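Okay, here we've got a single chain as structure tokens, the form predicted alone, with questions on binding and movement later.
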């Protein structure tokens, strides 16, 4: 796969030289792994619309949804090699390439609501985290919200002991691995595009995801129970290849930055609505039974998951966890 990506990048470079290069539009490939009718999918399309408009067609933006260009395990390598120019990976995906600080977002219950998310991402802390991506050959342009995760399985999940022995699909994140093991589940790393079939065939027993991702991938059709846990947050970082971005003419970069700012505002505004509508549609379908945790049950979940914070501190640092918690407290008082 690496050789294919390198070859693709080399061909792309050759296309951009020669007498016709000055007239040809700059091609920006934006790849992601979820459906077009999700908050991220709609945000990508909005960026395409605005980016092409503001650059007067000097940039052609190609959006590739649903892993149609690269699977999620291959995306970041392709970006670093220049075969694709823009991605919007979930925070979890930066850990495996050495920027483990982003896995702090995977801590259960660390971000309780959207106000807390915005305070972290839009403030100095979020901007400092983006800077950590530059040594990896990428620039973080924006944070895009998805929403809060639900747990699903083919058995009811009410108490922590209900997870014992179940095989759960997770993203490649050490913190998510810790989370599942703390609940007694068996974490299974798996590409997003493979989850539906794995649930359908029993390769895994359950998964965690936001309503919009579950609904658009039809996961609710192959899971008997879904718990309204809101135990974790899924967000994305829009990243671009650093060399590509730095080499853009200054006026083009300015207009694309303007397009990204507006697309980010749009995407983050619709994320809550999209998830609410997806949840309503899943409830209407009657294909999965929804479980609402009691206050006592949610407290039991938090108690069972508390050791994850101690273990994660060795990976993402206790000081970073403390900073997150301080920002969350600030959001609660404002």
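It should be emphasised that the depicted structure is a prediction, and the values quoted were computed from it without experimental measurement. Positions refer to the first chain, counted from 1.
Only in words, not in the display: the form predicted together with (2S)-2-hydroxybutanedioic acid, which the text now covers.
Partner contacts here mean any heavy atom within 4.5 Å of (2S)-2-hydroxybutanedioic acid in the predicted complex, and among 208 to 216, 133 to 141, 150 to 158, 256 to 264 they occur only in 208 to 216. In the predicted complex, (2S)-2-hydroxybutanedioic acid sits beyond 4.5 Å of every heavy atom of residue 178. None of the heavy atoms of residue 85 is located within 4.5 Å of (2S)-2-hydroxybutanedioic acid in the predicted complex. The shortest heavy atom separation between residue 240 and (2S)-2-hydroxybutanedioic acid in the predicted complex exceeds 4.5 Å. When (2S)-2-hydroxybutanedioic acid is considered in the predicted complex, residue 163 lies well away from it, no heavy atom lying within 4.5 Å. Note on contacts: among 236, 168, 244, 109, the single residue with a heavy atom within 4.5 Å of (2S)-2-hydroxybutanedioic acid in the predicted complex is 236.
Here is the short version: of 93, 231, 119, 220, the single residue with a heavy atom within 4.5 Å of (2S)-2-hydroxybutanedioic acid in the predicted complex is 93. Heavy atoms of every residue among 33, 40 and 72 are located within 4.5 Å of (2S)-2-hydroxybutanedioic acid in the predicted complex. Using a 4.5 Å cut-off on any heavy atom, none of the residues of 262 to 301 reaches (2S)-2-hydroxybutanedioic acid in the predicted complex.
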